[in-house]
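One chain comes next, on its own, written out as structure tokens in the form predicted on its own.
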Amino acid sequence: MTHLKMATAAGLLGTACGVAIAFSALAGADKVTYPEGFDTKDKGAMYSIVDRHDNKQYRELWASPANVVDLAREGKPIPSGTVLTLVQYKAQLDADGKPVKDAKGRFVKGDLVAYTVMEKRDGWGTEYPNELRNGEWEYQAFGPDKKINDKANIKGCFECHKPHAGQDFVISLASLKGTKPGEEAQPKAGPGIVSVADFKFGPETVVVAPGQQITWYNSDGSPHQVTITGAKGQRTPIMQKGQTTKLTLADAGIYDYICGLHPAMKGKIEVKS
């Protein structure tokens, strides 16, 4: 997505840039307008729903025109003119402040919060330096009144999507393409096993021996990505719900990591000889 994506970042569109407090005026963002026809039957195709446990939001990801989904699932590149829209809603809460869930275990959407849009056009993006440019994509955020949110951190959208150049900067590309999960996530306790659920890593600190495999199981409805920070940084592929990812670290030491799509999620790897 457009990470379209989301308040800290991401994730679209997973995932991610949404309404943030920092103001960053990027001239190119003015090219993106509230998606024409989004309130009509021509709004496009919804390709994913994400429950965000960390901020109690229900999110819908839409692609316009609708045939963008078909093209992606045929393995074709995302064409110029594509608009990916992340629609954010508050989850309805019960008396204890916990999200209400429907019969399928999904959040029940409440009040509209915001729209985050990423749009691709031939020739866009030339005004940005290479370290920031996201190909031909531009981003913009709109409030529930459909007006531009001039306090949105648009630069954060570029920074969040930049590491995903290999998938045309679209964090939610696997959902757009309808990629089927690989290994089914069935977390079990044991050495080197980490469960990803409710936007948390469990256990938060995993202890392994040098060269021992670490496996993360994603049982969240949202995609996640393990990103080791620091001088020995590494980044795993994105995990959709039901997928796993694995790493091995040869050198003893303590390694901090975050979710590359949701940086507020933090964990630690302790490699002990």
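Note that the structure is a prediction, hence the values are computed from the model and not measured. All residue numbers refer to positions in the sequence shown, first residue = 1. Here the rigid core means the biggest group of C-alpha atoms that line up within 1.5 Å when the two forms are laid on top of each other.
Another form exists, predicted together with heme C (HEC); not displayed. Remarks below refer to it.
For the three residues 61, 118 and 261, a heavy atom within 4.5 Å of heme C (HEC) turns up in the predicted complex in every case. Stretch-level contact check against heme C (HEC) in the predicted complex with heavy atoms at 4.5 Å: of 243-251, 226-234, 207-215, 46-54, the positive one is 46-54.
In the predicted complex, residue 99 stays away from heme C (HEC), with no heavy atom inside 4.5 Å.
Heme C (HEC) is not shown here, but in the predicted complex it comes within 4.5 Å of a heavy atom of residue 141.
Remark: residue 153 counts among the residues lining heme C (HEC) in the predicted complex, judged by a heavy atom distance of 4.5 Å or less. After superposition on the rigid core, displacement of the C-alpha of residue 34 between this form and the one not shown stays below 2 Å.
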